[in-house]
Each structure stands twice: as structure tokens, then as C-alpha cells.
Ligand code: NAD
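Take a look at this single chain in C-alpha cells; it is the form predicted alone.
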């Protein structure tokens, strides 16, 4: 079993760190929030008072942070304090360019680096069933396999450093677009007198079926938007997608429209709600209000 530093013990990182403890790893965590530290300690992990303290002399350093600037700040400290040969795994969703930067700078300091963004939201983190897309070297991927097995159900090496973030961008593109279309389908059925609940049951069993319909159709019909993944975070991800599309010179008209719908949700004050709250935007465009 490995000695692991886990930086970022929030809604996703906290449960993931707990799974690593349960798998037998020696986990030391750090977070700005005392609540995250308390939960890790209760799960049997150790807590540190700083990034430097957490990462010193560890086999593996993991980060799960909100945005590029947070990863850049923490990774600068990792470069300074982690031992040569340490494996660095970043589970954050950030731009491919930042992941490429961590790899380039890490190699200079003798670190091995993987970008490994995840999909599955809070339920996936809590249940240890995340889907993980990994960029980096094959040998480093194999070294990290026990970590991925502890926190995820599906994981694959999808290319060199940065490729994990590219695949995650594609994931968020499909997820956002699917939520927007499911929202419109609900309003269409409700507006013309069809039984939307039974209608979504049928759709979920046919070619239109998706993980979103499987997991979210009931809560969307109930207009219950308790966050598993917040609109605010999906808005950030849509920015990553648009930047990646410009870099690749690939037009994404559907993605651009989805980005605008998500931006509208934030402007309407729904940033703290689950991204399935795109239904509220669709209702607003149709001149309707949820009960």
C-alpha cells in the first residue's frame, strides 16, 4: 500500500480520500476547510497543516481542486517539497494546457505526472464508481492503477499528458447538451398533455436512453435540483471546452449554444443548483415558472 497526500477534500475529494483509506493506503490530507479535514480524520486518515507537510516523503501526491489557478498554486508547492520520483495525480477538471504544464515542470523536478479528471459527480465519488480519463505515460498509469481502482469503476489511459482533460471536456460537452435536450423534451411532453413520467421511462429504455435519463429523470420532473454537480462548475467547464475547441480549430455550434444556456442559468441565480437545473432555463424561455 502507498503513502498518499490528498490535497482538496471537498464534495468530490473528501469521499475519494476516504475510499483510499478504506483500501489500506496511508492517506494524509490537506484542505482549507476544517470540515474536510475532520471527515478524513474520522475515516482513519491523517491531516496536515500545509501542502508542504502533506506531500513531504509521500509515494503519491493527489490533487482535487476547483480551477486552474488552484492547481498551479498547489503544484508549485508540490514541486518544491515532494521527493524525486513521486507520482503526482491531478483529479481536477482544468484546461489541457495546465495539465501539460504540470507534466513539463514535473519532469524537470523528477516527478511522474498524470492528469486524471473524473465524471460521475458526488454520487460517483461517494460510491467509488467514478469514470476516470487519464493522460500520461503507460508506466505511470500502471503505477497508479490501485488508486484508480479504489475511487472509480471505469478508467483508461486516453493519451499523453493533457489528453485526460481533452476527454473530460468532451464528456462535459455531451452532458451539458443532453441536459438541455432532456429539459426541452420534458416541457414538450408536459405542454401537449402527455404523461412525462411515463414518457421519460420509455425514452430511457430506447435509443434516446442515457445515464442522465437513468439517474436524473425523476428529480427533474420533481424540479428538485439538489447539487451533485453545480451549474457554476459546469459553466467553468464550458469555458474549458470553448478554449480547447479554439485550440483544435474545431467548430462546436451545439456546444456554444449549451454554454450560453448554462451561462443563462448562472445569470438567473441558479449557479449553486445541479446542472439539471437547465430545465429552469428552458421553462423561462417558454414563459413558464416551476411550481
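Because the structure is predicted, anything quoted here is derived from the model rather than measured. Positions refer to the first chain, counted from 1.
There is another form of the same protein, the form predicted together with the ligand; it is not shown, and what comes next is about it.
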property: Interface residue in the predicted complex among 32, 257, 41, 245, criterion: non-hydrogen atom within 4.5 angstroms of the ligand; result: 32
property: Position in contact with the ligand when the complex is considered in the predicted complex, options 118, 220, 166, 144, heavy atoms within 4.5 Å; result: 118
property: Stretch in contact, per heavy atom within 4.5 angstroms of the ligand in the predicted complex, of 175-183, 152-160, 206-214, 119-127; result: 119-127
property: Every residue of 10, 70 and 228 near the ligand in the predicted complex, heavy atom within 4.5 Å; result: yes
property: Contact flag, residue 241 vs the ligand in the predicted complex, heavy atom cut 4.5 Å; result: no
property: Close approach of residue 262 to the ligand in the predicted complex, 4.5 Å, heavy atom; result: no
property: 4.5 Å heavy atom contact, residue 102 and the ligand in the predicted complex; result: no
property: Any non-hydrogen atom of residue 252 within 4.5 angstroms of the ligand in the predicted complex; result: no
property: Interface residues of 247-286 toward the ligand, as seen in the predicted complex [heavy atoms, 4.5 Å]; result: none
